[in-house]
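Just the one chain here, the form predicted alone, laid out as C-alpha cells.
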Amino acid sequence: MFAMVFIVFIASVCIAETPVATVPKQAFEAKRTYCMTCHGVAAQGFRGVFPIPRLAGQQPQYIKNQLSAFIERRRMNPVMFRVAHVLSPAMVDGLAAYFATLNPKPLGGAPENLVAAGKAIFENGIPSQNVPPCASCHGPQAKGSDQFPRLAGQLNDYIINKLTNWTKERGQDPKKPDTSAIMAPIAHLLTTEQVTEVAAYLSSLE
C-alpha cells in the first residue's frame, strides 16, 4: 500500500503539483532540473567527451544504491560525490522514483552491424570464456530488476567506458562489497570487441 501511495506522490511531482514526501516542491524541481543539466532533458543521457548515462527508466533501488556508493566512495566519481552527498534520503527516494517513470527514445548511434553479435552475448553468454548471459541478471529485455540496473537504451559509449574501466571505479572498498563485485570478473573476461558488441545491442533497445 505504501509503494502505491509513493508512486502517486511521484506522479504528481511530474506535473509539478505535489511535493515529494517531505521534500518541498520547489526544492525537488530545482534538483530534478539540476540532474538533467548533465543527464539530458528527459534523462536520456548525454553524448560528449565524457558520456553521461541515461537515468530514464532506471531501477529506483539501483539509483539509490549507486548514490550511496558515490557518497561512501565505493564508486569513484568526483562530480557525483559532490552531487550525492548533499541529498537527503527523501530527495534520493523522490529522484529515483521520478527517473523510473521516464522513457524517452534511446539516443542510439552505435554501429548497427554489431547488434546481432551483442544480442547473442547478452542472451547466451560466452561459455568458452565462462561469461554468463547478461540476461540472467538484467532480464530478457535488459530492463533490470531491483538492485540490477536497466541497460536497455543506455548509451553505447557509456557502457564501453564503464566495462573497460570497471575495477578502476567500482568496488573501491573491499570491506563493503556490493553487487558490483558480480560484474568485476565478467568485465575482465570480455574482449574489447565483445564489449563493443554488447554495448551496441543494449543501446538499440527501448
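Numbering starts at 1 and follows the sequence shown. Being a predicted model, the structure only gives us computed values, none of them experimental.
Omitted here: the form predicted together with a small molecule. The next part is about that form.
Q: Can you tell me whether residue 133 touches the small molecule? I mean in the predicted bound form, with a 4.5 angstroms heavy atom cut-off.
A: Close contact exists here: in the predicted bound form, residue 133 approaches the small molecule to within 4.5 Å, heavy atoms only.
Q: Although the partner isn't part of this model, could you tell me whether residue 147 comes within 4.5 Å of the small molecule in the predicted bound form, counting any heavy atom of the residue?
A: It does: once the small molecule is placed as it appears in the predicted bound form, residue 147 has a heavy atom within 4.5 Å of it.
Q: Is it the case that residue 154, even though its partner is missing from this view, gets within 4.5 Å of the small molecule in the predicted bound form, heavy atoms only?
A: Contact check for residue 154: yes, within 4.5 Å of the small molecule in the predicted bound form.
Q: Find out whether any non-hydrogen atom of residue 143 is located within 4.5 angstroms of the small molecule in the predicted bound form, and reply yes or no.
A: No, residue 143 stays farther than 4.5 Å from the small molecule in the predicted bound form.
Q: Please tell me which of 121, 102, 115, 71 lies within 4.5 Å of the small molecule in the predicted bound form, judged by heavy atoms.
A: By the 4.5 Å criterion, the partner-contacting residue is 121.
Q: Using a 4.5 Å heavy atom cut-off, are 83, 138 and 179 all in contact with the small molecule in the predicted bound form?
A: So, yes: the whole triplet contacts the small molecule.
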